[in-house]
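The chain below stands alone and is given as structure tokens, in the form predicted on its own.
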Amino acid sequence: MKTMNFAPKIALALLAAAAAFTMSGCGEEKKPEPVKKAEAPPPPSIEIKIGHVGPMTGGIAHLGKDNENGARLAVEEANAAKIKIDGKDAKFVFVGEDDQADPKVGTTVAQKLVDAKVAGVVGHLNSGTSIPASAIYNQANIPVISGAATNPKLTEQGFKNQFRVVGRDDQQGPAIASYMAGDAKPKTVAIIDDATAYGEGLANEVEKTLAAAKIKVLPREKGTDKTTDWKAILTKLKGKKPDAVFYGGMDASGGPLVKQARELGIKVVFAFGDGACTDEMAKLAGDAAEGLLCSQAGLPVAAADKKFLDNYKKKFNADPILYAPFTYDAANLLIEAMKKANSPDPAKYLPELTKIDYKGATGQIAFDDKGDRKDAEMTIFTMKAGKITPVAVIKGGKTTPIADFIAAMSPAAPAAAPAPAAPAPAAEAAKAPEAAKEAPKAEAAKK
């Protein structure tokens, strides 16, 4: 049998396989992937807490919620605007607290906000809670702006961190007292207060003004901020036959007061301060509230910036009640001062707050050296067909019928005619019903 020599064939086969493997390997060789760029880190952010305090429970919770809504809207709009402070994205956090309109609770929640390291506070609503709480904020050097507290003592304590964007009772008291004197022309006035810092303080200012006008003021009667049964006091007053009654207190107690007065046959004019200058009075007193007079320490809600009013309605499906435009401005003032200082540190932005000149929803805002708003307006209202209706604005000691005031605010209006000086509101009072009718039309035209 012939022996076959396979070596040359095997060698050729191995050589062919090696060549094929080499060619295959070359064909599948991958190019190196490009190096991916590292994603840029997100921009740094800074969390800034802004506190708000008001009565969220109890008889005036509707006013507390209104105030909170105003401040909350300002914070949410600031976040939507993507503000940068110190090169960082500012994330504002709203921190709300309920002081129940109780001074003791007010100091407790004030300390709670200090411990939470809020950068600023909007509040409180009541003077009775604002004044004791102010000492706590002052010790922590945290700026606080009230959109509702009107007792003069709040800014008379010398605290450099305390501000307010509404007028004071020593402006509001003379305003409502002078208007009442001209409108009702009383010879004798009865004054009742709710024994709070706000109610008593405002009543004191009304009494001073009436006494200076040589109007007799009966000995003071007192209730509390929770009084709803006024019959004993009213029966006593009925026997003294006053020509008018002023009540220093809130609507939760003021509504039952005027209702029970009418039930007892007391038909005189009733006047109130801002705490009872709400549509809630008609809900609590019904037809008995018709024709009452009251004051607010600022411009009426309807005169606030249209953009704010529209945004508030869209956000909360309701119109502002009383001081929401002012708490909205208060929150925005804190934020604006932080922007100017480029820092949320109270020690750095507080100096900017003291010298700020800001166009807010309630007009131009600047503070005097006490922290009070310069040139604060006062508005006089009457209850008409179940609605609080503005009849006049008092500013710088001058009284202007509301229709004339709103017309003067219109960009198309000519320069405003000189307003008559207060206290001499009788002429304005005579015009009041017509002014009240025309005010909504003028406001609509302005908008």
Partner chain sequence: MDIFLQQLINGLTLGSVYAVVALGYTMVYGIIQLINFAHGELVMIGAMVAFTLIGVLVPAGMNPLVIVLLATACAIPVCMLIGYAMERLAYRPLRRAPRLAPLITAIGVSIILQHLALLVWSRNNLAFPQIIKTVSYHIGGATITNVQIAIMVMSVVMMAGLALLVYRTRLGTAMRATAQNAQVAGLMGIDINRMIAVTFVLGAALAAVAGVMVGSYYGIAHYQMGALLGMKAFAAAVLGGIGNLPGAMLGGLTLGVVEALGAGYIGDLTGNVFGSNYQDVFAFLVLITVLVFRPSGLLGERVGDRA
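Everything numeric in this text was worked out from a predicted model, so none of it was measured. Numbering follows the first chain given and starts at 1.
The form predicted together with the partner chain exists for this protein as well; it is not shown, and the discussion that follows is about that form.
Contact annotation: of the candidates 236, 355, 348, 374, the single residue with a non-hydrogen atom within 4.5 angstroms of the partner chain in the model of the complex is 236. In summary, among the residues 182, 360, 256, 242, the only one with a non-hydrogen atom within 4.5 Å of the partner chain in the model of the complex is 256. In the model of the complex, at least one heavy atom of residue 222 sits within 4.5 Å of a heavy atom of the partner chain.
Using a 4.5 angstroms threshold between heavy atoms, residue 188 stays clear of the partner chain in the model of the complex. The partner chain in the model of the complex is not approached by residue 365, whose heavy atoms all lie more than 4.5 angstroms from it. Heavy atoms of residue 56 reach within 4.5 Å of the partner chain in the model of the complex, making it an interface residue.
Contact with the partner chain, judged by heavy atoms within 4.5 Å in the model of the complex, is confined among 279 to 287, 324 to 332, 160 to 168, 83 to 91 to 279 to 287. Every residue of the trio 65, 229 and 260 has some heavy atom no more than 4.5 Å from the partner chain in the model of the complex.
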